[in-house]
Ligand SMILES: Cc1cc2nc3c(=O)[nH]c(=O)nc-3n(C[C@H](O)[C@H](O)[C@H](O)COP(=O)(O)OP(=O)(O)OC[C@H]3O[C@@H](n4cnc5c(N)ncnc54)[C@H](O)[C@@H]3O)c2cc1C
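The chain below stands alone, shown as structure tokens; this is the form predicted on its own.
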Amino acid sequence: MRSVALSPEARTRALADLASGELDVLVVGGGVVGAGSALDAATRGLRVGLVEARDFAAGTSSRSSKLIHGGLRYLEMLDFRLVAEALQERGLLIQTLAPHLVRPVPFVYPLKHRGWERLYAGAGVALYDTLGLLSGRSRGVPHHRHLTRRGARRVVPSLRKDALVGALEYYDAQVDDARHTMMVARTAAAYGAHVATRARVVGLMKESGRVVGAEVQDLETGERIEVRAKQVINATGVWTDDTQSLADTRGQFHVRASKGIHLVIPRDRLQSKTGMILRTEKSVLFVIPWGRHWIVGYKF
């Protein structure tokens, strides 16, 4: 692997290389899924291209809750395999793949009922910690702990005294999502992928009913090039249907976007040393530290 810079010169070379011969794989979309697909293909020795209409992580991949987590709430759904796999990936990211980008973050879960809730939630968090060890490696985050009401308010002074009887503190991890996506794309380029931003797919080329490449417009110069590929991967997320329509057909799979809301508030509006996770009627509410702000996130 060689070190590369995602510079204007590198972009110009990548566009020229994309047009110079048939690729094994052309990935459309520079979010984390597209960048990851390009990296996976490039490390297998394939000739790979990646084009993005705007910039890396310009869409959903820079608008996440910034969490690397195992999905604590999925334990209630008894989806142990999903949680164990996610926790294994969390450990890999913290300790091996991206320790410079991913770091542990504590969260407080307030308890509103005496006795049974501490047993129920405590058992869930203990299982969460245990599943993180099943991969045979360290979790990469500290173990959870139980807090009294006074202990919880010492950590989160903004909590009302009458709003809880105690709390649990556990750890997940946080990432700079946009920077992570950019680093994945850069690593793909280091393994030989031809990576270009500001390169919009304006048409898909078909032969005998099969997509064999794409027409790509350089948004800096207006020039259009034809990029031929044995396989074209549509990694455009919520724009998947729009990209599929360029082939004059509806794809077999249709994207149904999930709905989530993130509010960003100044850090001084909430006095707390940790993040928080709060239960709602239908889901959970996350309060996540992010620099000089808090991200308040809710997923429907």
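Keep in mind that what you see is a predicted model, and the values were worked out from it rather than measured. Sequential numbering from 1, following the sequence displayed.
This protein has a second form, the form predicted in complex with this ligand, left out of what is shown; the following refers to that one.
### Query
Does the 4.5 Å heavy atom contact test between D40 and this ligand in the model of the complex come out positive?
Heavy-atom contact with this ligand at 4.5 Å: absent for D40.
### Query
How about R200: is it within 4.5 Å of this ligand in the model of the complex, going by heavy atoms?
R200: contacts this ligand in the model of the complex.
### Query
So in the model of the complex, does S272 come within 4.5 Å of this ligand, heavy atom to heavy atom?
The answer is no: S272 has no heavy atom within 4.5 Å of this ligand.
### Message
Against this ligand in the model of the complex, would Q252 count as a contact residue? Criterion: heavy atoms within 4.5 Å.
### Response
No.
#### Entry: Residues in 43 to 68 close to this ligand in the model of the complex, defined by a heavy atom within 4.5 Å, in order
If the 4.5 Å heavy-atom criterion is applied to this ligand in the model of the complex, 43 to 68 yields V51, E52, A53, R54, D55, A58, G59, T60, S61, R63, S64, S65, K66, L67.
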